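Below you will find one chain, with nothing else, as structure tokens; this is the form predicted on its own, and questions on how it binds or moves follow later.
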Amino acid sequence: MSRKLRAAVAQLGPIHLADSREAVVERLCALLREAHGAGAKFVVFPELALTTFFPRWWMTDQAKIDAYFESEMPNAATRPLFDLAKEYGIGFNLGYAELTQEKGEIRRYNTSILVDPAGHIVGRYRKIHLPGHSEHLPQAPFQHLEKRYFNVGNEGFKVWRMQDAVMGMCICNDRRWPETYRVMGLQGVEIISLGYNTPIENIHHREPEHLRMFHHLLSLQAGAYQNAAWVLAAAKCGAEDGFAMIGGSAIVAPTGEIAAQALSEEDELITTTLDLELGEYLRRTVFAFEKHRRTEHYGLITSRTGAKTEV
């Protein structure tokens, strides 16, 4: 029996410091309407989709920092997106900054959620591979303070069954680490959705700009192919208050081929029909894990964090 899902990636252009959540949600709803017109039943929105990428700013006032976080979801600002998606029968993935309390302590996460076509949250992922730094770097062109503003995700790489597919999530820097995809691959993941906000400039060393896009796509394509999964990657991109981020939103097939890619650095929707049988075929043949993986030789992957030469 053929299983196909029409899906879309909803790229966002810049969100500036002065932009309200309500204005951003209007843009998300416009992209959702476009997705509905294209027949899509699942839409992926970017990382931290409701605000500017605030970790680029050094802040010491915790109240000011927390103003970028959401203490409940949905809330008054995001309710129109949930309601519209429910009206259209569209599932979606949304990234935002989550403020919560666990065991009596305030915790802050870089979070994404899976919302089903009925408007119910069915899955949550909290970013694990936090990039950047926690100290102030006054000589840097901008800051990248995810290690300061977020706790490391504490719920692992889970998968959920939604819309007749096994779905998983990751966020931005997670895409660069093969373990991200493999843990979900070992759970039979068929669709991996991710949002990202990736600066054009590396603040630590000079890096040609073209490498930023090359490594971005390389990570998506390798993760998709080696785990026989569709990867749907949504950028927030363009210059936010003068600080530029890459675009390159893409839908990558389980073969590693790019099925669709955004052309702009503005709000843009890309769509394709995901043939879920394609991943099943690869998992029966080239990547039949149960036949070919040799876990007795992989111990270093979980027993050692850093690289060390012993010869």
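Bear in mind the structure is a predicted one, so any value in this text is a computation, not a measurement. Residue numbers here begin at 1 and follow the sequence given.
Absent from the display: the form predicted in complex with 3-methyl-2-ureido-butyric acid (CDV). The rest refers to it.
Residue heavy atoms within 4.5 Å of 3-methyl-2-ureido-butyric acid (CDV) in the predicted bound form occur in exactly one stretch of 222-230, 162-170, 196-204, 89-97, and that stretch is 196-204. Looking at residue 53, you'd find a heavy atom of it within 4.5 angstroms of 3-methyl-2-ureido-butyric acid (CDV) in the predicted bound form. Taking non-hydrogen atoms only, residue 176 approaches 3-methyl-2-ureido-butyric acid (CDV) to within 4.5 angstroms in the predicted bound form.
Residue contact check for residue 131: one or more of its heavy atoms lie within 4.5 Å of 3-methyl-2-ureido-butyric acid (CDV) in the predicted bound form.
Among heavy atoms of residue 148, none comes within 4.5 Å of 3-methyl-2-ureido-butyric acid (CDV) in the predicted bound form.
Annotated contacts: 47, 127 and 144 all touch 3-methyl-2-ureido-butyric acid (CDV) in the predicted bound form [non-hydrogen atom within 4.5 angstroms].
The contact with 3-methyl-2-ureido-butyric acid (CDV) in the predicted bound form, taken as any heavy atom within 4.5 Å, belongs to 212 out of 108, 212, 182, 158.
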